[in-house]
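Okay, so here's just one chain, in structure tokens, the form predicted alone.
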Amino acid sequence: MRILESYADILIVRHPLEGSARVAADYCSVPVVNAGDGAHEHPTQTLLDLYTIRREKERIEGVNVALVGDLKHGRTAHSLAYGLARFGGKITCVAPKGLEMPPEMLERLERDFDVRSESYNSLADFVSEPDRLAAQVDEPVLSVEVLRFIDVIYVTRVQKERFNSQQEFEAAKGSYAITTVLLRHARPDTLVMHPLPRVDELAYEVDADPRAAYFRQAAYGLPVRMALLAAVLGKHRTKARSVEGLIKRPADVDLTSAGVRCQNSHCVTTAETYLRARFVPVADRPNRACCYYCGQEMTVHVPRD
């Protein structure tokens, strides 16, 4: 990255290890944009997702978004959850067993943003067996009673590349799907969003539904990312406050001498072993800290003032 910064005015980083973009930003003097670091986050996708919701629903505050799919590995869902929480959105999590939103993320949403999300393991959890039989469909569907509170269905694919084995992936694949049958029970103004690409979790027949917003969502990425590039390169003046002024992060702690390492096997520190072990204390949680790079929480003896 130190070599590449000599050749460019800005660096866009996509990398399979979590925390890699932060490492690049720490060592580079030119702006670095995180275009996805492993299963951690994908903040530029969230910018266009929030823009899509704001443009299509005319607001973000109070909008109830159902995050459906692989929420354990889905970096777009992780970043979007934080973005929605910051701007007053509501979150409902729907994920197959074993692919739920990481507990530390749910804790942070409640601790830092006072957002408590409802969680379900399948679409079937929304509705009773008699209701499904009355609907005369074989597959689980969301009941009208629940769907009338959902403004946006944000579906993500099962992240095949994040699984430790093909067997684990096969067990999760095809465990949920957004179909026209399901959408019969949704409100006329409920949006269907997807960061793309899709596999089998979003039926092609849904494309013809005017509530399918994912192609418009992708198109919004062009002006949003143009604005981002203009902002970080100083080509556009904005009245917005500095992001650093909005985010109050406690000082990180260097635990290299104590021999502590991040326990996340996908963290960038597992490959880039020259990196110091740095952790950020978790507020009101003695001896709990998160990795400065990947955000993984763990128990450590963190010196506190």
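None of the values given here were measured: they were computed from a predicted structure. One rule holds for the numbers: they count along the sequence shown, beginning at 1.
We do not show the form predicted in complex with a further copy of the same chain, though everything after this point is about it.
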- Does R2 reach a further copy of the same chain in the predicted bound form if we count a contact as any heavy atom within 4.5 Å? yes
- Item | Close approach of S6 to a further copy of the same chain in the predicted bound form, 4.5 Å, heavy atom | yes
- Message: Although the partner isn't part of this model, could you tell me whether A218 comes within 4.5 Å of a further copy of the same chain in the predicted bound form, counting any heavy atom of the residue?
- Response: yes
- Query: Would L196 show up as a contact with a further copy of the same chain in the predicted bound form if we use heavy atoms at 4.5 Å?
  - Reply: yes
- Per-stretch contact check against a further copy of the same chain in the predicted bound form, the hit in 106 to 114, 184 to 192, 219 to 227, 76 to 84 (non-hydrogen atom, 4.5 angstroms): 219 to 227
- Enumerate the residues of 266 to 298 that have a non-hydrogen atom within 4.5 Å of a further copy of the same chain in the predicted bound form, in sequence order, or give none. Y274
